[in-house]
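Here we start with a single chain on its own, the form predicted alone, put down as structure tokens.
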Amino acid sequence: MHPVPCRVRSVVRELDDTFTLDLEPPSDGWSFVPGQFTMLYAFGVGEVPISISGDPGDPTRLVQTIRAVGPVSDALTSVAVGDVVGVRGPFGTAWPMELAEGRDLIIMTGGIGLAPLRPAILHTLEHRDRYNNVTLLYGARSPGDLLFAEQLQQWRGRFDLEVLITVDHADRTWRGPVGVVTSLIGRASFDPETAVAMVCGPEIMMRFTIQELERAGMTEDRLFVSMERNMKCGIGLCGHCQLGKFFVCKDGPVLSCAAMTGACWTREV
């Protein structure tokens, strides 16, 4: 329950409303697995749950990508190098990296949903020989809204990672697909009978993505989503994140669609 003070090493403005903090963890490092989150505390304001977006293979860095959408995240936009923020965690469940080994892996995301999935991508690339075809399908509102644009370019240049990107609204510079992210599924190379999918983004995007992946032949036990919704305490005490029988901050945020059957996960709570 007590936040650990962590000093800010760098601040990177990703988009107009999105930024990444590189925090100096305690001397013994900050181990986490892809999919977990922390509670970030802005002193004098409050705390907010944020998925870790850094490399799980590097415990000397704690990287958090944040969109300014409320009082706490707004307060965090004003921190500078050398400032201190409080951190609790890591909390939550992980992306099923071991289940995906020896299979095709589909990573689908929209908007800032790429941040919670970036640790899974970095883990996959670090252990690339453990996975078959790996495909990243990413959708954004416009070319200017693409998160981690430079890293996306690096990933697109790899021969062992298929990266397909679409935007809702193109500009003069855009030469890629235009449309919703589900329109990319038909272009991806994967075996629907064995593949594992990891999905993160707005709920409406995840709902239609799951439907399209099931139409392609995938089953609920191999479809995983991150349900970062209404989390407040990080340890399942306050009840804000209750979703059917689950407390998302404790039983999630990563959940399989099979586990959530009957939990009404597409409704607002």
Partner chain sequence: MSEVFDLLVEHPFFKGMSAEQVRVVADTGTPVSYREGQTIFSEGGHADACWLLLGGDIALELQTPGHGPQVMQTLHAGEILGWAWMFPPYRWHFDAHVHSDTEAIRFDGPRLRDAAEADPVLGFELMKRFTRILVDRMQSIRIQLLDVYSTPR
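Predicted model only: the values in this text are computed from it and were never measured. Positions refer to the first chain, counted from 1.
Form predicted together with its partner chain: not shown, discussed below.
Not displayed here, its partner chain is approached by residue 111 to within 4.5 Å at the level of heavy atoms in the model of the complex. Contact annotation for residue 141: at least one heavy atom lies within 4.5 Å of its partner chain in the model of the complex.
Contact annotation for residue 74: at least one heavy atom lies within 4.5 Å of its partner chain in the model of the complex. At a distance threshold of 4.5 angstroms between non-hydrogen atoms, residue 178 is in contact with its partner chain in the model of the complex. When its partner chain is considered in the model of the complex, only one residue from 191, 160, 126, 168 comes within 4.5 Å through any heavy atom, namely 168. With the partner omitted here, the stretch from 217-225, 56-64, 23-31, 202-210 that lies within 4.5 Å of its partner chain by heavy atoms in the model of the complex is 202-210.
Shown here without its partner chain, the chain has 67, 68, 69, 70, 74 in 62-94 lying with a heavy atom within 4.5 Å of that partner in the model of the complex.
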